[in-house]
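The chain that follows stands alone, in the form predicted alone, written as structure tokens.
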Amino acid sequence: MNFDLDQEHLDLADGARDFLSASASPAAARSALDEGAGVRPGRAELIKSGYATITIPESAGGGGGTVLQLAVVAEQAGRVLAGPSLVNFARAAVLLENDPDRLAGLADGSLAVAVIDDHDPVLDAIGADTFLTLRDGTLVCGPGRVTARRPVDATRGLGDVTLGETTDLVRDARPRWAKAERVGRTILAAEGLGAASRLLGMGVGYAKERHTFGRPIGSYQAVKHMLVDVYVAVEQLRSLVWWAAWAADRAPGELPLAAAAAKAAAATTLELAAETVIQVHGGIGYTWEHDAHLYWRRAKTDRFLLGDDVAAFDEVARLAMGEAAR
């Protein structure tokens, strides 16, 4: 059995990295934070590229691809703090299945969708014109008025939404809602994987370059051990993300546990990576000019999206104990 990504996935990652690196960057994230500039590459460019609509069926104008393929792209998006997130596209593709007209609108960009969860600010509410949410077990859809929040991470487009008149789409939609949330957690974790991996590269590069007492700081145990801890966490997260994405496509019975584990690990790994890299860089790592705080902001924001890491770890424990008791 081969647990690696195949050549098709690696080629997809290369293409996504080229596109996203050319349009999004920490500098663009800084401009969004400092100047209120729009996030890059932006909703229209993401749709035009075809990456955002990978999991929408070809019959509706999407790519007809898999969650694993979208996760491969999401990792590259996370590396450069790209926005808007691919999470809403992934969730909407699940929630709107069997709704070809709205799926076609999602695929051609005429429908800018965000998903409302209970009590949470809405991811990428800014720029959205159509909102999906669950009311008494029924999936509903409608326009909404967005109140932007003062951003910790401007690339997440967080806002509070007051829904207008809604249309009932699906009754008894809780199972579909749960599946969409788990797919969303998987894509969110993939974005976290990309950001954490990029942070690790920044930390290792600086540890090789910066010298003190005539030696690179990476030769000192205090520094190398911190970076090794991040490396181990990133590789464990990578395994969990690919497992969750594979389960979403091929083994739905494993998706609840896999998605919860990936979500929990992504939250803790990205925060560990961001704080470690700031420490490795010393004084410069704490400055506004350095990119580290942009990733730290992403870590602090993502930790509470789609449920926090504590809730996700609790879910992992509950599901694992349930399996063990069978």
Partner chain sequence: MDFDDTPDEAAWRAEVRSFLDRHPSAPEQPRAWQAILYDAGFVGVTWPVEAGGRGGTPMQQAIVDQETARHGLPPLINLIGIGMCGPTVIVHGSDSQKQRYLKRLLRADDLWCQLFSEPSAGSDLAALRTRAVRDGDGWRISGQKVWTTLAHLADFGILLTRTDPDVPKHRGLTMFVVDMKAPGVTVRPLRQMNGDAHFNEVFFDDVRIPDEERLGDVGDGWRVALTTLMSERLSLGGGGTSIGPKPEAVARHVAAHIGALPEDRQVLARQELGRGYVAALGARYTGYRQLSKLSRGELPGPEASAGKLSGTRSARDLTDLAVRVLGPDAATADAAWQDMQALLPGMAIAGGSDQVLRNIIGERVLGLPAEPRADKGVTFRESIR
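Source: prediction; values computed, not measured. Positions refer to the first chain, counted from 1.
Just so it is clear, the following notes concern the form predicted in complex with its partner chain, a form of the same protein that is not shown.
Enquirer: Considering its partner chain in the predicted complex, find the one stretch among 289-297, 254-262, 57-65, 37-45 with heavy atoms no farther than 4.5 Å from it.
Expert: Heavy atoms within 4.5 Å of its partner chain in the predicted complex occur in 254-262.
Enquirer: Kindly indicate whether Leu12, Arg198 and Thr276 are, all three, within 4.5 angstroms of its partner chain in the predicted complex, using heavy atoms.
Expert: The answer is no: none of the three residues contacts the partner (heavy atom, 4.5 Å cut-off).
Enquirer: Taking heavy atoms and a 4.5 Å cut-off, does Ala107 contact its partner chain in the predicted complex?
Expert: Output for Ala107 is no: heavy atoms all beyond 4.5 Å of its partner chain.
Enquirer: Is Gly218 part of the interface with its partner chain in the predicted complex - any heavy atom within 4.5 Å?
Expert: Gly218: yes, in contact with its partner chain in the predicted complex.
Enquirer: Since only the chain is shown here, I'm wondering whether Val316 would be in contact with its partner chain in the predicted complex (any heavy atom pair within 4.5 Å).
Expert: Yes, Val316 is a contact residue.
Enquirer: Residue-level question: is Ser239 within 4.5 Å of its partner chain in the predicted complex, judged on heavy atoms?
Expert: Result yes; Ser239 sits at the interface with its partner chain in the predicted complex.
Enquirer: Can you work out which of Lys208, Arg174, Arg149, Arg135 has a heavy atom no more than 4.5 Å from its partner chain in the predicted complex?
Expert: So the residue touching its partner chain in the predicted complex, by this definition, is Lys208.
Enquirer: Of 221-243, which residues get within 4.5 Å of its partner chain in the predicted complex if you count heavy atoms?
Expert: Going through 221-243 in order - heavy atoms within 4.5 Å of its partner chain in the predicted complex - the hits are Gln221, Lys224, His225, Leu227, Val228, Asp229, Tyr231, Val232, Glu235, Gln236, Arg238, Ser239, Leu240, Trp242, Trp243.
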